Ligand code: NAD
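What follows is a single chain, given as structure tokens, in the form predicted on its own.
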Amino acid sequence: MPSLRVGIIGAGSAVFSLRIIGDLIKAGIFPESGIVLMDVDRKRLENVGVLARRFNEESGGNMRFIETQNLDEAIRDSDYVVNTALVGGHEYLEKVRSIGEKHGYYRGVEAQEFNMVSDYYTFTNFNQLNYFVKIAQKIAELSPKAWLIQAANPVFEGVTLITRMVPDVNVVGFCHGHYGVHEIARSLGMDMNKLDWQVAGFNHAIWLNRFVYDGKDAYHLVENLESKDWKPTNPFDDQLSPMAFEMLRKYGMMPIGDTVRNSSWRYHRNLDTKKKWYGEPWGGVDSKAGWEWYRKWLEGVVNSIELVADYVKQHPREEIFEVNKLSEFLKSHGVPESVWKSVVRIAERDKMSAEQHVPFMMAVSAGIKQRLIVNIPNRGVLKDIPDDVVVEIPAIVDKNGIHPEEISPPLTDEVVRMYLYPRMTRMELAVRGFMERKFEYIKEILYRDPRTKSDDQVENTLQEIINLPENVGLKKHYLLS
């Protein structure tokens, strides 16, 4: 089997990076592969490097690691480039959200109809989209045969933009949202091996179109899962929320994963409304309380990774990557359960993570056929969606590439025309605005926002946002100064 060179951009996102590294080791088919870890945060990069080498050693792997802050080094001669970077981190997002709320945009200017997911970049995604294109252009120059695996949001806008601006680069987007189907199956006590299912739509806008169990249609069982006694276990727990079943009734299919978050403004007007549809006490992850829970959880993960990395440095001969040992270590340092349970997953030596990135590499580079949920240009797969719009669909992947499944039964007209079309229009304004350098397209998104009361509200909000120091590139791109 071949050895690979894999560049991970934004590798300071330690849990994600270590899952990818762990999967490459556990796959056992890519000997002596080189993994280039790239991040602008030197401390986080160092911690990931320390833990990657230790996990590799304890697991009997033979991977080679390079840490760099240089983007070219992560891309040059790579077979795969995994982009998980969030340019500037969540701090910039919170600055923009604060400005938006000051001017009357509850939860920020980017929280909009069918696009409520809070970690989208603002306004609208310029710093991210610009970085995506830069990475794709460097791949075309330095590693033209490489695959760009896009993991960072916004996947829908991002992969669509890349395929239009740098069409010769091989690119695919991945997301976790489809695992909502697994949650539904668990709730019904089903064996996933007996379940024939499909989801289709756009990233963060996918719908369960097929649900057949042991050869029999079982969609009615999904409909019967609705319960008045449902309570969320955390702010992300919404797959079986009242909102999911409200959308099922409205559009004729079950929304899956983050799609449930992306309902219309009727269900997001204020915290009380969010609580009604997404449960007490948070009202979903995109409320102020829900997002604060997430930020504290994320801070806990970062601190835990640093704690483990420091331990490894101080105890170079002691094993730590064993689930019980790592969990006891974290618990003994007062790490909350919601945090340590997430972190210890990186120590699972005999089970691959749920990430699709390494299975994709196994399919393309080693010919081990996989069924994956991919984000690729439509090219006739979804009826009534343009070919150059990226869709999220199931596909068989092998050494010859990506082979989309026929979507059967098709998505309902309500899903396509009442949900996907409005979301697609918003994407087109953002992507065409970027490509054509027309800031009026970006403004139009805010002019159409139901919270907008006047032209002055839009102009004052955007002036304050574009004058942030992080937006020098945005101003130059759109010729605003």
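Residue numbers here begin at 1 and follow the sequence given. The shown structure was predicted, so the numbers you read here are calculated from the model rather than taken from an experiment.
Below: the form predicted together with the ligand, not depicted.
In the model of the complex, the ligand sits within 4.5 Å of a heavy atom belonging to L298.
Contact between V15 and the ligand in the model of the complex is found at the 4.5 Å heavy atom cutoff. Using a 4.5 Å cutoff between non-hydrogen atoms, T84 counts as a contact of the ligand in the model of the complex. Although the partner is absent here, P144 sits far enough away that none of its heavy atoms falls within 4.5 Å of the ligand in the model of the complex. Contact with the ligand in the model of the complex, judged by any heavy atom within 4.5 Å, is made by just one of K443, R423, R44, R54: R44. Between the options P409, G89, G215, P167, the residue in contact with the ligand in the model of the complex by a heavy atom within 4.5 angstroms is G89. Partner contacts here mean any heavy atom within 4.5 Å of the ligand in the model of the complex, and among 144-152, 310-318, 73-81, 275-283 they occur only in 144-152. Against the ligand in the model of the complex, the set G180, S263 and V415 makes no contact: no member has a heavy atom within 4.5 Å.
If you take 164-179 and check each residue for a heavy atom within 4.5 Å of the ligand in the model of the complex, you get F174, C175, H176, in sequence order.
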